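What follows is a single chain, given as structure tokens, in the form predicted on its own.
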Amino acid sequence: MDFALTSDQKLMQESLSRTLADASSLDRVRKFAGDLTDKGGDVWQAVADFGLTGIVIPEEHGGLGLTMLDAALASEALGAAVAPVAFMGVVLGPLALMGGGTAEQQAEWLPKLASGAVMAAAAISEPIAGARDGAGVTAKAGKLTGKALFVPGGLAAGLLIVADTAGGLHLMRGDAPGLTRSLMPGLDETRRLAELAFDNTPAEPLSGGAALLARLRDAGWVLIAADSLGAAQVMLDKAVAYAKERRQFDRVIGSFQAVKHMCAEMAAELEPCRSLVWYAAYAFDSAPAEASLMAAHAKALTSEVGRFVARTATEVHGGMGITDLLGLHFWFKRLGLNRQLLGGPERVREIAARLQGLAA
């Protein structure tokens, strides 16, 4: 079997990378990180103009109608650029609507999401990664009560997909009464997480139940894994480039055996992640029986490898690796957040064991 990207997929990813090089340069990311009032609207608009906001939305609703593999390639490019874009909601919001929304809900929301006029966010962490600090949402008579933590893009989203503790999913408008949003301090300065509090907040139930929540979980794991792949690849590339130019004892440090081994080990650990992420994304649409397990493997492996690459690449840079001048810490911290989003590798492996009947 010859499994490789198509020419269109390669072109899409390369074009997106060029767009992000302009719209989300390191100086722009640094400005976003240093100003909590900066919402990154220009970066979001560049992504919307590219068409990324409608990547998985069917053409009849104004989207591109592409696959999860295409979305994963876009997520990889966003991770490589450490772009301040909450891409998970771009994919999970439409998937929730297409999998559990009514025809009226789809007609109302999908065109707005496709154009980028409305941003979606998915508050699904608690039933997947486990509740923390008393978090969790209960549903009763069409209203939600409780709080959801670690919601990427939740501060600005006009459409919220909220999971309750029983595994049900709900559609909520961004201006719903009883909804309170607050910024959660976090490690990653390139993306902002929200804490959402609900006080008898009206919401519309989505059909699909636990099966739809599992599908959103799998999609989230694939997107996070792809983002980590992109970020880790940049850290590796920067370490190799630095080793070729930094001189010590009248030699470039890349000529030292120890540094060669560090770079080679990073490359050897990272390369298998690429095919695993690609296959997990492919399986999401084309091999449903394998989709959940492959998504879990991709998320767990890239979490571990991402941490190793982040640490080792920083070590190759020596003291320069922790300076704001190089900005390496933006990729380092992004990988750190990705490791824990929707469950750390230990939690994800536990879920994978349950999927295979190896754990209760």
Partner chain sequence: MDLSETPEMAAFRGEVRGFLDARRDDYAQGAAKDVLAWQRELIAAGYAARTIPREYGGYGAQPDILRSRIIAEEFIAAGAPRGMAGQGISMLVPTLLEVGSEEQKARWIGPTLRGEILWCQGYSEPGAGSDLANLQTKAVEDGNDFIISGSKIWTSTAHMAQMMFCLVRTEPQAAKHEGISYMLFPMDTPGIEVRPLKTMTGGSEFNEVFFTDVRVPQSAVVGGRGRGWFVANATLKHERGMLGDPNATEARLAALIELMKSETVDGQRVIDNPVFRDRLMQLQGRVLSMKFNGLRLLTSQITREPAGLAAMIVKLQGCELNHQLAALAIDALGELGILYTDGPHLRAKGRWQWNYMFDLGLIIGGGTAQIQKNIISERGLGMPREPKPAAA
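For clarity, every value in this text was computed on a predicted model and none was experimentally measured. Positions refer to the first chain, counted from 1.
Only in words, not in the display: the form predicted together with the partner chain, which the text now covers.
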For this session: Tell me the stretch among 126-134, 151-159, 100-108, 255-263 that has any heavy atom within 4.5 angstroms of the partner chain in the model of the complex.
Result: 255-263
Problem set entry | Candidate spot Thr165, Ala313 and His317, all three touching the partner chain in the model of the complex (heavy atom, 4.5 Å) | no
For this session: Check each of Asp199, Glu271, Glu204, Asp285 and return the one that places a heavy atom within 4.5 angstroms of the partner chain in the model of the complex.
Result: Glu271
Problem set entry | the partner chain: the contacting residue among Leu301, Leu64, Ala46, Ala33 in the model of the complex [heavy atom, 4.5 Å] | Leu301
For this session: Decide whether Thr180 counts as a contact residue for the partner chain in the model of the complex under a heavy atom distance cut-off of 4.5 Å.
Result: no
For this session: May I ask you to check whether Ala267 falls inside a 4.5 Å heavy atom distance of the partner chain in the model of the complex?
Result: yes
For this session: State yes or no: in the model of the complex, is some non-hydrogen atom of Ala243 no more than 4.5 angstroms from a non-hydrogen atom of the partner chain?
Result: yes
Exercise. Would Ser275 count as touching the partner chain in the model of the complex under a 4.5 Å heavy atom rule?
Worked result: yes
For this session: Heavy atoms within 4.5 Å of the partner chain in the model of the complex is the criterion; list the residues of 326-360 that meet it.
Result: Glu346, Arg349, Glu350, Ala352, Ala353, Gln356, Leu358, Ala359
